[in-house]
Structures are given as C-alpha cells and as structure tokens.
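Before any questions on binding or motion, here is one chain by itself as structure tokens, the form predicted on its own.
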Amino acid sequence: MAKIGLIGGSGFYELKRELKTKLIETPFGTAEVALTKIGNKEVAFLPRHGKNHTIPPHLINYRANIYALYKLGVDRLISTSAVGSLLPAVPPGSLVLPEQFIDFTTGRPKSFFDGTFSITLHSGRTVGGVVHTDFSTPYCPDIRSTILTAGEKLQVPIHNAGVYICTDGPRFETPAEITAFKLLGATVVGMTSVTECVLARELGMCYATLCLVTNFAAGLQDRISIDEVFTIFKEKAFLMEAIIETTLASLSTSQDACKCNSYRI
C-alpha cells in the first residue's frame, strides 16, 4: 500500500522510473494510477489530465482520482500545478506554495458527501450523511514545511505564501476577472488544485500543492497560450522533480505529528 500520493499537473505526466499501472474501481468511476518507489517510499502517481493531456480541468473526475488514491492507502498527497501569476513580483518560472485558496468553480462535483454516501476512514472513524469540513488551514503545514526545506536544501527559492484562486477553465481568464481576483487577494490562478484539496480533506488526507508560474495572468501580458504553459513547465520540470524527490526522502508517512490533524474530519 502507498502512503504517499503524487498528482502531476500540466506538463508533469510521468515519472522517469519503473511504474506499475493499475486501474482502480471507485464508487465514482475508474481511475488509472501508477505505483512506483521513490527512495524508500512507495508512491502512487496520477497525472490529473491523463498521460497526454486529454482531460480538460472541468471534466477531470476528481472524486474518482482522490478516492482511488485513498483506496491505495494514501494519507499524504502532494500535487504539482501550473498557474498564472497576478503579481509582478512573482514572474513566470517562480515556484509558489499557497497557504490559502478561493474557489470560483461552479459545475463540478466538489464533495463525496451527498447525504447518502458514507465511508470508514483510515483512522477508523466512519463519516457519512451531510458533512461540513473545516478549512481554516486548507493546505497541510507539515507537507508545506517539508517542501520548503527541500527547496532550501537544493537552493531553489519558493514563495512561501499566497492565495490560489481556482476557476473552471478550460478558457483562460479575462483581464477584468484578474483585476477582480487581485482585489480579493489572489496571488496565482489555476483550474484544478482546490477541488483536489477539498476532496482530500474529506477523506482525511493531508494535501499540499507546489505551483509553477508559467505565465502572467490576463492583462499583465499581451496574450496567453497553452504552448507557453508547456514550454515553461518543460524548462522547469527538472527542478520540480528534484524538489518532489527531496521532499519525499524526508516526508513522514505518518500523520501522527501533523499539525492539520485537528482540521481533518
């Protein structure tokens, strides 16, 4: 069983190591997960957009993905995300570790608990019916701290703060929307991470996301293209992989000392 999960975002579709792929059946559909070993840690890897970026952000089966990782034993989950920056001080190529989020998604399912679903968590607690989850601390402080330490060890600067604002996509935002988001205090804008964060918390999983800024948001540069996103991610992929590997080498597989323990349901 893998205690640690890794979700790859745009441009992060594979790990350069031996993988054993499994199809995992869940109450919400099937998810394909690759199992591997990084250092001495068993890791479950899932590219959220599919191996060839065939699934747009608004059509990702987030519930199947998170449930499949949970079913494999994952308690601690790290994701990578490509984002746009709303601040000149956070230019393309920057790495950001958000500590809060704002959710502007609309139509996608964002909870397992529809009033009828119930589950026994890894902790042994059974949860079901209507569930209201606390998000005072959305991203796991322990995972965030471990990622920051990995960045320091590798001498790679990481912005240790910020607000991730999540939109439905797949279109990019308008300059007017970005102006509004800046007034709300957003640092970066993306289309995926928040939904994963919410679902992971519902299943008692620690979650944090490492964001790579691939562009300035609309209105801060002339235009935005997906080619630009892929180009920057390709240039920085080795840094992301190095930080993830260094993080996993020292990340505890136990939640016992985790500071977000009290926030999980």
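Quick note: we count residues from 1 along the sequence shown, nothing fancier. Worth saying up front: this structure is predicted, and the values here are computed from it rather than measured.
Heads up, the form predicted in complex with a small molecule isn't pictured, but that's what we're talking about next.
Residue contact check for Ile224: one or more of its heavy atoms lie within 4.5 Å of the small molecule in the model of the complex. Heavy atoms of Gly84 reach within 4.5 Å of the small molecule in the model of the complex, making it an interface residue. By the criterion of a heavy atom within 4.5 Å, Val74 is excluded from the residues contacting the small molecule in the model of the complex. The small molecule in the model of the complex is approached by Gly190, whose closest heavy atom lies within 4.5 angstroms of it. Comparing 107-115, 142-150, 170-178, 120-128 against the small molecule in the model of the complex, the single stretch with non-hydrogen atoms within 4.5 angstroms of it is 170-178. Out of the listed residues Val33, Met205, Val43, Val229, Val229 is the one that sits within 4.5 Å of the small molecule in the model of the complex by at least one heavy atom.
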